[in-house]
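This document contains two forms of one protein chain, each encoded as structure tokens and listed individually as structure 1 and structure 2.
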Structure 1
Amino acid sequence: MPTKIEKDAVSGQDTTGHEWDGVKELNTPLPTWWVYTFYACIVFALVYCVLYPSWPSLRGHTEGLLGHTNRADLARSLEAQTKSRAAFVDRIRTTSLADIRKDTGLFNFALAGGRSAFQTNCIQCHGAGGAGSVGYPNLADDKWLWGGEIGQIHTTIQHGIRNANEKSRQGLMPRFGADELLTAAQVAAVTDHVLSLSGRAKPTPEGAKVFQEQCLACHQADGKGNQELGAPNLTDGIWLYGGDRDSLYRTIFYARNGSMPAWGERLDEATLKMLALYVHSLGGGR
């Protein structure tokens, strides 16, 4: 129940007239500076709502007297960047890959652009550093299925691998077991022969015979592969789909014919060149 307002004996502060179980509520006003700050915030908010977009409506929002938006700022910033890059991009588009490498300023710009394009389009498969993963080649070593010269890299990026593009890299490995070209025993024998090429198993006459009849045309007699066909080197211990016996057996039995998009259908020529230069610079380019 409200009681009369009186002075608190301890603090000397007026009470509000409210008391609960003998405890009286002090009437302590907010600090003056806080009150004025609160009023200033209200004024600021009202001014902001008038000057800038703020209040939503059924068809959008209020535009504000200044008509300012972060979206417009971003558009202007992107336009300015595009204009500042245009001269370099145009030069890259019309300059050969070899000549770009000779021009330090243009080459550094191309590497930066290639890194950005790689992070946008390539890291999902090849990883941030280009080290790849199972089924996706390592771009930072010196082992290339289709060639590591910069022109070869550009062609691979532009047309892709085993896709609908008529100029894409083609080279299919037969499904020796699944299509019954070989028996399971023959697949097992040639698996051991392939392992023997890198010193991890003992060769057998049966495996050598199957390899000569079925694999030599692509991988060559010494097993070192053929970049024109995309046939990997079987002697270096580098495996795209795993080098243990079970993985190799499955590769021979079912085949592994991964695909890469034809980036020339999605990216402009300047970006393709920058990507090729960047991939070439990762450490494995020739």
Structure 2
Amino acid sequence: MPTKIEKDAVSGQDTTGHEWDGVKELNTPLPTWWVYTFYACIVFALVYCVLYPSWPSLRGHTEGLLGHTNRADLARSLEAQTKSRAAFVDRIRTTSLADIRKDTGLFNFALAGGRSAFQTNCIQCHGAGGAGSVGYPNLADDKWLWGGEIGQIHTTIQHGIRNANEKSRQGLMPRFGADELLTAAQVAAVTDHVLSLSGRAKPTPEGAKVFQEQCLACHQADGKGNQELGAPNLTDGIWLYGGDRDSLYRTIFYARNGSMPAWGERLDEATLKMLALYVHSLGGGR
């Protein structure tokens, strides 16, 4: 115990009474406001420990009287969001696609919702804004494999393409070269014929013969394709897997047959409709 508490002559402060080799320590207590803030923090921490999850145990942790979890918070806020959108979403569910387009407010909501769903589910393959890439169609142009009307787009999104869904879009291009349905020379000839459809090569009788025998059933005699079968138009300037001779040769030799999931198995009806409206609005919708 310090015994001699005396005032320091220079600063006028109390000393602690401790002395080391003639040096006395000034007593500079913590500011009162600081001390009370510190006590308040301790009280806060104790109350927090009782009310909220805090202490770890061997299995899990203490739950706290309020039973608060961040996961429940998230669930609640998601629920609140769903609720706040319910009026619009219900109307979208019960309104036909054509009628939604006539209702400015509902249409704008659907476009915003579709855009959001598109960014979550679609841009991985189709790119932001539906720009597409090799093997994944550009959704902003006017070429459609399975039809560009709003209803057709909706069906494609709902059931997907070449997947296990019962109603999925089906259409198969044979692997003409790989499965030895055609010789390499025949594939080369028909490749030239396909190029000639868009005026990029001279038609040959040999190529025309192969095309007549093998391709006409799906791609039609004029090469304009058939959207029922997902057979693309071969006469225009848009090529999903590349329009140069080499890419076309590979397409005919090995076939392509890209697929898309049936989004109806994952998304609700309103989201599917919003997606269809959004994709239709990207520029190519008919």
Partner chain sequence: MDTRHKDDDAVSLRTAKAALPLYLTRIKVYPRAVRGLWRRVKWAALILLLGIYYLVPWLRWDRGPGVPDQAILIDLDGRRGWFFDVVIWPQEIYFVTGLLILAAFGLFFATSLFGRVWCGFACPQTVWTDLFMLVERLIEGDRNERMRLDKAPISFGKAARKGLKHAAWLVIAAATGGAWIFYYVDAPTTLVSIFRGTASLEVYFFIGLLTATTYLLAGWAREQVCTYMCPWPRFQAAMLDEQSVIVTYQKWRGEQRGKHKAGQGWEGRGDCVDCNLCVAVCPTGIDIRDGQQTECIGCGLCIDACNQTMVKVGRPQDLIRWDTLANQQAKEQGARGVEWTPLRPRTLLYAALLAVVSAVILVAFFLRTDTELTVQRDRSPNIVRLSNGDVRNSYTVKILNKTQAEVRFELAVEKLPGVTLGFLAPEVEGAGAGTRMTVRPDSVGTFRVFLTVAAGTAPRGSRPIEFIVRDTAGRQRAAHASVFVGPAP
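Owing to the predicted nature of the structure, the values given are computational and were not obtained by experimental measurement. Definition used throughout: the rigid core is the maximal C-alpha set that superposes within 1.5 Å between two forms. Throughout, residue numbering runs from 1 along the sequence of structure 1.
Q: Do you reckon the form predicted alone is 1 or 2?
A: Note: form predicted alone is structure 1; the other is not.
Q: Once both forms sit on the same rigid core, is the C-alpha displacement of K202 at or above 2 Å between the two structures?
A: Shift at K202: below 2 Å after core fit.
Q: Determine, after fitting the two forms on their core, whether R245 shows a C-alpha shift of 2 Å or more between the two structures.
A: R245 C-alpha, core-superposed: shift of less than 2 Å.
Q: Taking the rigid core as reference, does E149 move its C-alpha 2 Å or further between the two structures?
A: Superposed on the core, E149 moves its C-alpha less than 2 Å between the two structures.
Q: So with the rigid core superposed, the C-alpha of A80 shifts by how many Å between the two structures?
A: Displacement of the C-alpha, rigid core superposed: 3.3 Å.
Q: If I align on the rigid core, how far apart are the two C-alpha positions of F38 between the two structures? Answer in Å.
A: Superposing on the rigid core gives a C-alpha shift of 12.4 Å for F38.
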